[in-house]
Ligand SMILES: Cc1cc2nc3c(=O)[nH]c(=O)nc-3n(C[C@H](O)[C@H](O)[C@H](O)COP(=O)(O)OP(=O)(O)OC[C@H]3O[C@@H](n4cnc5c(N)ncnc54)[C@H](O)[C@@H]3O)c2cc1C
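Below you'll find only one chain, the form predicted alone, shown as structure tokens.
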Amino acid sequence: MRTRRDFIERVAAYGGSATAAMLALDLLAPASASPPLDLEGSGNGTRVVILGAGVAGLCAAYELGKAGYLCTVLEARSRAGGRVWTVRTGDRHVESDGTSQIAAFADGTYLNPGPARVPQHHVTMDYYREFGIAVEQFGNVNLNAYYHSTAAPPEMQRIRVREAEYAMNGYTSELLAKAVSQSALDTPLTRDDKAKLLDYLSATGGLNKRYEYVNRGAAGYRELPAAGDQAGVPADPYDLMSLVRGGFFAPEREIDQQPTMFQPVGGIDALPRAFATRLRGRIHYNAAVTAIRKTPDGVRIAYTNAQGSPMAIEAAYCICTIPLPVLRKIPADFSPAFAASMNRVTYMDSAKIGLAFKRRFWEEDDRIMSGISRTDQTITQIWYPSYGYFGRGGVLTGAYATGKNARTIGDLAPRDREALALREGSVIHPQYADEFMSSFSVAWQKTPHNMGAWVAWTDDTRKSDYPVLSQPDGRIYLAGEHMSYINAWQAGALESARDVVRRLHARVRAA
């Protein structure tokens, strides 16, 4: 059995987080990359129809094709990728109520209205490597970005992330250090244990000899250090209760939310475009599924083509990646239990607003190079581009909201969404008014062929309905981020597709 000293030293080595504590106690296995998808034997020309050319459908078609299957992909849109989408100038978007927008961005700039970042451990990175897709760092955490809170005192409603994070870490280290020094912890520690833990808290929390938090400059300066006699004057730290009441916290240290993440160069749609290139001729675009039927030997899928003419295709198996809010409205021969489970699953609402500016004032004036500012207003987040540094202009994600805030945004007309983003964003960046050029917004709950952003499993539906939908209904398999434990991420779609490919191949080989 490990001693408390070992535990303390291992937590310190991992950085002091809750995840680190679990790793230190061997309660959580370190993440590892997905194993290669090496399928033994051939599919011998077995026909598979795949519904949807999102990342899951594309991955399934690609992997099955390598194993000798004949795959046909039906995609309702005129492009591949689904929610993995990059909006560039000239792109048009029509929402479910008929509202239309056309992007007017400068060349070389773009908005990723869906996924926009990739953790280093996700299988997505493996496909980037396989296809030779160039990647660059995505600045997920920038200590120079802002926290904004209307609940904070007026003088600290907008503060730098570093000011909040270093102060919160310092104050919590101070509280814990005083508890340790006074033997106030429930778990008894030896004198040596206390010394090691107090050393750790003092070093990481910026504590003085009395175990009090003191900003020696890590949280920021009132006067920056320079040369000559300019040694710098550290800023006075904000008090603990003001920080707590302001809610200056963000989950930016989780396994899927790391300071350093990645994005493909030129837009998040690089992966679906790479898949589509390799599947040329096997994807039928503008093909909207109208019925899913079982046959004695497989499936029969009815759809309309680009001209609106009724069509049909038969195959031995079907992999359906259509999001559930759309799928449950398509006539289908699903079993009663399968249909009931599908109808109980809900999806998350999500909205993004892209704002194009003629000057990169966030870099020039505010010294923010990538990263995210957070606010308790409706817009929730402002994302700064992780590309095009020192350029003449750029596109901010001027709002990224989920849940209630996303519904508020989605219920507005695009022009009113723009006004909201400019009004609330100007509280953080007064330069908005002088530098704004155009906007483009997407509310996923109002986007045809999606009607929601990602699945929102509850404890109950994960327990009762996920197992039902994870199994094939006859020869029909579901795949997509919703059929995984990595919801909202591209990796969830990829892992789900790979899992279905393995199981379908094993079934074909056994037959």
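Everything quoted here is computed from the prediction, not taken from an experiment. All residue numbers are counted from 1 along the displayed sequence.
Unshown form predicted in complex with the named molecule; subsequent notes refer to it.
Trainee: Counting non-hydrogen atoms within 4.5 angstroms of the named molecule in the predicted bound form, say which of V289, I382, A219, A356 makes the cut.
Mentor: Result of the distance check: V289.
Trainee: Just give me the single entry in A76, A250, I133, M168 that has a non-hydrogen atom within 4.5 angstroms of the named molecule in the predicted bound form.
Mentor: It is A76 that has a heavy atom within 4.5 Å of the partner.
Trainee: Can you pick the stretch from 64 to 72, 36 to 44, 474 to 482, 460 to 468 whose heavy atoms fall within 4.5 Å of the named molecule in the predicted bound form?
Mentor: Of the options, only 474 to 482 has residues within 4.5 Å of the partner.
Trainee: Going by a heavy atom distance of 4.5 Å, is S373 a contact of the named molecule in the predicted bound form?
Mentor: No, S373 is distant from the partner.
Trainee: Report yes if any heavy atom of S173 sits within 4.5 Å of a heavy atom of the named molecule in the predicted bound form; otherwise report no.
Mentor: Because no heavy atom of S173 falls inside 4.5 Å of the named molecule in the predicted bound form, the answer is no.
Trainee: Evaluate K446 for contact with the named molecule in the predicted bound form, applying a 4.5 angstroms cut-off between non-hydrogen atoms, and reply yes or no.
Mentor: Residue-level check for K446: no, no contact with the named molecule.
Trainee: Residue-level contact is defined here as any heavy atom of the residue lying within 4.5 Å of the named molecule in the predicted bound form; does G410 satisfy this criterion?
Mentor: So G410 does not count as contacting the named molecule.
Trainee: Is it the case that V87, P264 and G394 all touch the named molecule in the predicted bound form, with a non-hydrogen atom of each within 4.5 angstroms?
Mentor: So, no: the whole triplet misses the named molecule.
Trainee: Could you pull out the residues of 443 to 479 that have any heavy atom within 4.5 Å of the named molecule in the predicted bound form?
Mentor: Read in sequence order, the residues that approach the named molecule (within 4.5 Å, in the predicted bound form) are W444, H449, N450, A453, W454.
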